[in-house]
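Below sits a lone chain in structure tokens, taken as the form predicted alone.
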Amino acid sequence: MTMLDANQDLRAQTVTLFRRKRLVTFAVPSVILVYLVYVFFAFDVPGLWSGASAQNARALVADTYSYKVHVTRDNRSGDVSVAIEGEKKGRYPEGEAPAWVSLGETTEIDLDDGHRVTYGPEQIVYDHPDFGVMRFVVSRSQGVIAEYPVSVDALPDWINASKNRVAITTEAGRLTVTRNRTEVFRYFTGWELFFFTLDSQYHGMGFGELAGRAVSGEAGAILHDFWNNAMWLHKDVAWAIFETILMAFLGTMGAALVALPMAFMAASNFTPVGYVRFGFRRLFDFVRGVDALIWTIILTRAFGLGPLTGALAILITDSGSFGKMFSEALENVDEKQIEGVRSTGAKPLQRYRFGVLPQITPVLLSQVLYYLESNTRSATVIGAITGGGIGLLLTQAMTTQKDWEEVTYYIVLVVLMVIFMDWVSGHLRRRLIKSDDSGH
């Protein structure tokens, strides 16, 4: 009878256990689903989706791999200028323009595929091959007076018109007419003026011609014009990359140097006094518990802008992380090696130097190198706040809302920088692991 009761109890426990497991199996996904539904409405995802603009998204993507040529007319003076990306540094000399722009008292702009814009003395004309001829007259008192084809009852989506502004966006280009100026944008694939600006004698030359000139003794002049490119700022970008790497290196290595002696104070086998260990461990928790970005803002207020402020923010944050990891590594050292060094009559500092550090050095260096690679990415964001490194240039390019091809350029450089640092740190870590395994 006792055996039967035991079997019944075991069966009941098994049934209860399986019922609990089934409940957990269904309850956990249900809770996650309910949470996702809550997030969906709490963050107003439907509102964000309804406010999204496919046209703006296409324009943004196009800006990343292409450039715009601006043909601008001052409606007050009638002067017409042509500039790449609308920048003064990319402006064509007075009286010069691309082949598709004919300057004169009446400026003709051929946008291909039958699209043609005319800047006349009295009016602006857009000849659309499928829609017809549109005319615009700018009046200081009445704004932009528009005349569309007679057969048009409602304007298509690609025309955005108001009293003071008309914007026409087609596959061929864009026309914007306001009280003060009229502007045509035309897109071309590529990063124009990436190598040489318009005022360089090497602008427009092919690779073969440049190579020939370089061989004939103009290599220095070619490199000078490229390095001092006023639009793409290659010299400034190279220095910004160096600043970013230096910021990550100083912060990481400085944190390692600060954390190593403090880690001995937090390790139980080196500091027997409990409240001392407790104090140092809580200090590590505090400095690593505050994100590097928060330290960056605090230190910027205290010390001002600059890459050194960013390096100091990385140093403070990582000193807490390194202190925790280093102290854990110290608590796992082999006491026999320390005893062997002590038996030779070595003093405490010598025991640490020859009995402890050789054991933990591969682990410590591996962790430091990993953080160095990670901090290279962090230094980009920190540089945007402290005003140093490639992060500053990236932020400035984003702020203008027009230089998205430069944003792409900087992002590519950041990715290449991270890949390079990852390769270097990975290579060094593998060397350390092999050296440790071989007993050297």
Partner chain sequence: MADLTQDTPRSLNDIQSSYMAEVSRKRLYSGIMLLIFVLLMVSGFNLAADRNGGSFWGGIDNFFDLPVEMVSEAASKVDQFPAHFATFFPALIETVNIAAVATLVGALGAIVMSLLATRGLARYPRLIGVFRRVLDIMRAVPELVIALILIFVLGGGPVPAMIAIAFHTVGALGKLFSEVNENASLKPIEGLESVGANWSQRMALGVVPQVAPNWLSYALLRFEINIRASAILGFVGAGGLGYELKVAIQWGQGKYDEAAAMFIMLFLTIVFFDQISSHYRNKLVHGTNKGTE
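Throughout, rigid core stands for the largest set of C-alpha atoms superposing within 1.5 Å between the two forms. Residue numbers count along the first chain shown, from 1. Here the structure is a predicted model, which is why all the values come from computation and not from measurement.
The same protein also exists as the form predicted together with the partner chain; that form is not shown, yet it is the one meant from here on.
At a distance threshold of 4.5 angstroms between non-hydrogen atoms, L308 is in contact with the partner chain in the model of the complex.
A residue is said to contact a partner when one of its heavy atoms sits within 4.5 Å of a partner heavy atom; A27 fails this definition for the partner chain in the model of the complex, lying far away. Using a 4.5 angstroms threshold between heavy atoms, P93 stays clear of the partner chain in the model of the complex. Though the partner is left out of this view, S66 does not reach within 4.5 Å of the partner chain in the model of the complex, counting heavy atoms only. Note on the partner interface in the model of the complex: the residue among L369, A167, M253, A83 having a heavy atom within 4.5 angstroms of the partner chain is M253. Only one segment in the set 122-130, 157-165, 236-244, 267-275 has any non-hydrogen atom within 4.5 angstroms of the partner chain in the model of the complex, and it is 236-244. If you fit the rigid core between this form and the one not shown, you'll see the Cα of K21 move by 2 angstroms or more.
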